[in-house]
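In structure tokens, one chain follows: the form predicted on its own.
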């Protein structure tokens, strides 16, 4: 039995229910053409802006490369800053200082930032008051990511350098605050051996900065070995000792000595003062919101089905975070962390506030409380000078800093790809 069927044929006219009687379809065509025109214009605008940015960046790189390529030598990487001879000045102490500061920054900011992100993203509270507190913390972290770094520098100055003067004020040429460990105080006294040979006498009273030797006393040598310090009195008529070993352990009666401090690499005091430890902790405040937000975004990108499968197998929330969420989000976390470190190594404002603009240092830090020079501060100093030699040095130092940043970004890309494959 034949069945009557109806089929619609597309003849190019608008459907009856479309509301475009007669010439209405022509109006729709004009709107489509106008939208395509706007789309092309917007595309051209984006290309123009991108091309302009690339041209500006290219001109900047070519200008810096042209100005500083002649100073890209091993002397630049091996020597230290020189006021008298800028032709042989280098940036080795600043490279070491930047590495140490970034090490402190990474050791403090990454565990704290990743842990905070895990807590905020994986352990969201259920009760209303705690949810409000969670939202309040999340809002403040998002706002902190946009705070200028100079503000963090002022915060680090009060929090780490001075510690709100709770442990005493920092004074020039005086040990201030509370010294915890890693330091020994002595009096340094010139012995009869001459030639600058000195002996060390343990300092009993830190407030007494000088000492006068009138009687035999206990002393130590540079290796920390104790010995009895002898006295030679010129008025007694006794001849001056001739044995070099004896002269090294003998001082003239009435000989004076000043205080001397011997520090270990782990020397620590409160407050931290103008030390690279304070600078590294200040930079950790700068990148901490960035690390938290990047880690949260990486955790949000983990498929919910993975967590549900883990819970379905009887895993606890901590087991799910440790074995499922965190490994899956690790490529994104590592990428955000390394990019944040790239910002930290290029920051100058917080370092200028915490450590000052001094660049006259010939080596890296000797202990945790030592001052350092960083690459951005050294570039800031060189770029502000009028001599052409320093201008060339500043351009060459910028190239080195850009190379370091490029290496860090390349490492981020490599780690991300490697973890994805794994």
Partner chain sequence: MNRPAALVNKKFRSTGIGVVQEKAMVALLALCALLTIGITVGIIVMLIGESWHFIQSKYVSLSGFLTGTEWTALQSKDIEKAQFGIWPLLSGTLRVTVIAMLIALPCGLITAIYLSEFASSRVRAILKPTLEVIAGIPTVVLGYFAVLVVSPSLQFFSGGGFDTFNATSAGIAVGILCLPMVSSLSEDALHAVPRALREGAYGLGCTPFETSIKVVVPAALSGIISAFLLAFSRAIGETMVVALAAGTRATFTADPREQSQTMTGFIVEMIKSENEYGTVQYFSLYAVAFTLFVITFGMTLVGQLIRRRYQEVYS
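Because the structure is a prediction, the values reported are computed rather than measured. Whichever C-alpha set is largest while still superposing within 1.5 Å between the two forms counts as the rigid core. Numbering follows the first chain given and starts at 1.
From this point on, the text means the form predicted in complex with the partner chain, which you will not see here.
Here the chain is shown alone; which of 256, 327, 182, 148 has a heavy atom within 4.5 Å of the partner chain in the predicted complex?
In short, 148.
Looking at 317, 124, 264, 252, which has any heavy atom no more than 4.5 Å from the partner chain in the predicted complex?
Looking at the other structure, the residue within range turns out to be 317.
At 4.5 Å between heavy atoms, is residue 376 in contact with the partner chain in the predicted complex?
Flag for residue 376 set to yes.
May I ask you to check whether residue 394 falls inside a 4.5 Å heavy atom distance of the partner chain in the predicted complex?
So residue 394 counts as contacting the partner chain.
Classify residue 292 as contacting or not contacting the partner chain in the predicted complex by the rule of any non-hydrogen atom within 4.5 angstroms, answering yes or no.
Heavy-atom contact with the partner chain at 4.5 Å: present for residue 292.
Can you check whether residue 119 is within 4.5 Å of the partner chain in the predicted complex, heavy atom basis?
Residue 119 belongs to the contact set for the partner chain.
Quick one: find which of 159-167, 88-96, 239-247, 298-306 has residues within 4.5 Å of the partner chain in the predicted complex by heavy atom distance.
In short, 159-167.
Which of the residues spanning 54-81 lie within 4.5 Å of the partner chain in the predicted complex, based on heavy atoms?
Residues within 4.5 Å: 54, 56, 57, 59, 60, 63, 64, 67.
Tell me, please, whether between the shown form and the other one the C-alpha of residue 66 is shifted by 2 Å or more, with the rigid core used for superposition.
The answer is no; the displacement is under 2 Å.
Return yes or no for residue 52: a CA shift of at least 2 Å between the shown form and the other one, with the rigid core superposed?
The answer is no, as the C-alpha of residue 52 shifts between the shown form and the other one by less than 2 Å after core alignment.
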